[in-house]
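Shown below, as structure tokens, is a lone chain in the form predicted on its own; questions about how it binds or moves come after it.
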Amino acid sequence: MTAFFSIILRDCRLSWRQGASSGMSVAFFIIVVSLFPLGIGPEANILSRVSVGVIWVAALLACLLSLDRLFQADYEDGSLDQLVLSVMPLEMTVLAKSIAHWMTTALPLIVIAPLLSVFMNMPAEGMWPLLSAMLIGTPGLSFIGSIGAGLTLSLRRGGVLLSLLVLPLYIPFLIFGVMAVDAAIGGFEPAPHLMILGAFTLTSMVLAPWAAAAALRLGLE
């Protein structure tokens, strides 16, 4: 477990020192959400209706933007070979790097989301369900994204292929994340949708590291 937490801490430090990947994801998230009022007009009712979907789609794309660097930097400097040969199973290494990716990419988006929801005129009833849904669902984005990052590791310009592989798997998170907030805004209980969202995240946490580890072994051969 010491090695597990060391990998998380190492990746977080590298991301915060470099700042490019995390800052780019946050800037992309803000810009995408900010462009919608300019594109569809300042009508409050229309913005309120589309606010949840816009924030979730922007969060998905922002997380996707930094996935290609999940293993690429370690692959280029040879650190990934050392991690594969270490005593810790590669599946645990993938899990640790996915958690670090979530902490440095998705967590800042969750912090900014309330401000953007006010900008998009989201009803106050949907604020806490939005934060809850993003806290529960966004770790699954990093876990599933690790599979695509592993499959495209040794490919040049694999960003487009990574998007095609990962985006269809993100659809359940988008659907139930939006439904949870819409239920709360409509006066219904969001808990069932949040529980399904949590089930998707837990399932991806269990299965994705195995698939990503197998992809990494195949890419390093």
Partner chain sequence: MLIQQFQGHGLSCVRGERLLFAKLAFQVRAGQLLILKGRNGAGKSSLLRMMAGFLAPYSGHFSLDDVTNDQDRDFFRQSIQYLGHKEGLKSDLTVTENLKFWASLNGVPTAGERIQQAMTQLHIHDLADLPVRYLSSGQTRRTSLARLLLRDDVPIWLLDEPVVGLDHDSRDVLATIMQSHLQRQGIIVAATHQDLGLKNVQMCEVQLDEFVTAPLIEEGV
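Remember, predicted model here, so these are calculated numbers, not experimental data. Residue numbers count along the first chain shown, from 1.
Same protein, other form: the form predicted in complex with its partner chain, not shown, and the subject of what follows.
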Review point. Is there a heavy atom of Leu95 no more than 4.5 Å from a heavy atom of its partner chain in the predicted bound form?
Key: no
Check your understanding: Is there a heavy atom of Leu85 no more than 4.5 Å from a heavy atom of its partner chain in the predicted bound form?
Key -> yes
Exercise for review: Evaluate Leu107 for contact with its partner chain in the predicted bound form, applying a 4.5 angstroms cut-off between non-hydrogen atoms, and reply yes or no.
Suggested key: no
Review point. Any chance Leu14 has a heavy atom within 4.5 Å of its partner chain in the predicted bound form?
Key: yes
Exercise for review: Decide if the three candidate residues Ile7, Ala73 and Gly78 all line its partner chain in the predicted bound form, where lining means a heavy atom within 4.5 Å.
Suggested key: yes
Practice item. Quick one: find which of 85-93, 116-124, 135-143, 99-107 has residues within 4.5 Å of its partner chain in the predicted bound form by heavy atom distance. Key: 85-93
